[in-house]
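This document starts with one chain, in the form predicted on its own, laid out as structure tokens.
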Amino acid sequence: MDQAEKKRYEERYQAEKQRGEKFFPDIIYKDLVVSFALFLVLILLATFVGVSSEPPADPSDTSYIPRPEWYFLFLFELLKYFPGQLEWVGTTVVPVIAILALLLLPFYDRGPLRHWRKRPIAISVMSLAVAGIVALTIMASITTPPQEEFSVVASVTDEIVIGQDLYGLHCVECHGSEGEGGEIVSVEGLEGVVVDPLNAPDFMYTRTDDTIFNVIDYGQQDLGMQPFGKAYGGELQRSDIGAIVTFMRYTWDDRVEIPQEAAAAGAVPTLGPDDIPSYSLHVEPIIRRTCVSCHRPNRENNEYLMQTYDEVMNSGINAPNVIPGDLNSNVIRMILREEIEAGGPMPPTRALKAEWVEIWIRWVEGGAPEFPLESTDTPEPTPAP
């Protein structure tokens, strides 16, 4: 810049300075307009894009995939180039240098020209930085696997139903399908132990939800109850344990009224005089509540699994345990408390409710259909051998 150009620049600067622009209301007004526009953008994004649901932070959950918000993805990707003991370089040194470069900009860039065409070095450096951030963000988006979908329980009813299924899967062996407790028969190492009922006021009135949660989470290991929380080596997430607690509170605490739709969703439908039960509508709810706790993988059950219709009909070393039309089927005889070669009375601790036994008998007698039949005519049973 020669002296003449410098003089013209100085004169223009002084003239603009004299003319000026008031901070109030001019600058304030402009800032308000821009702030309101940004606020509208945030409202629109929240309304039409929203925020993806994720589970609460759980340090014990090793399946969680760390993935920061999109505006930090470039730093997340940068860590891949500074592995192990060099991680601090990517997390601290590089960001600090970049921030200091911006903060000290007025001290080392003292040129009077501000038009971008007159500042090739500054524009080039900034363009490279922006291009690098964009490239790293795209690479992180492509290479980082998405977090597993997490569904937020929409209502108390949903949580009660989920809790009932989880209770049937993990708790029935010791505490009974109705929380009635009693003598444990089929759990290795706990045979003969008598468990107090959970469905009694003495238990539900004197324990808060947090207390029950902690018992399930940590267990009562001196009493033989294993921990179920992932933090202590169990299988259940915190949300799973919370669902079990909700189920117990609404089902067995008579001070709390269970929502009508939750009671209907968790109930086994009653049969009319001419109805033929189906697996999906009548038998599966009974199995979930009384059988699947034992009849699933990694349990001593003669390889008889009961998590699907096909497993109920065809699995096990004594298969078939259910023969359509045959009331001498193994399952029916064991439900009727017979001791046979395939096994003893089932469930081992206590008999099923009479109405549930009737459902099993009428289901097998009616041909063991998987789904409800359109016709209610009862077919002729196969003669017993």
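Because the structure is predicted, anything quoted here is derived from the model rather than measured. Residue numbers run from 1 along the displayed sequence.
We do not show the form predicted in complex with a small molecule, though everything after this point is about it.
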{"item": "Option from 81-89, 241-249, 133-141, 257-265 whose residues, in the predicted bound form, bring a heavy atom within 4.5 Å of the small molecule", "value": "241-249"}
{"item": "Exercise: residue 158 in contact with the small molecule in the predicted bound form, heavy atom 4.5 Å", "value": "no"}
{"item": "4.5 angstroms heavy atom contact with the small molecule in the predicted bound form for residue 113", "value": "no"}
{"item": "Residue 275 within 4.5 Å of the small molecule in the predicted bound form, heavy atoms", "value": "no"}
{"item": "Contact of residue 124 with the small molecule in the predicted bound form (heavy atom, 4.5 Å)", "value": "no"}
{"item": "Among the candidates 281, 294, 171, 73, the residue which, in the predicted bound form, approaches the small molecule to within 4.5 Å (heavy atoms)", "value": "171"}
{"item": "Of 193, 98, 104, 128, the one that lies within 4.5 Å of the small molecule in the predicted bound form (heavy atoms)", "value": "193"}
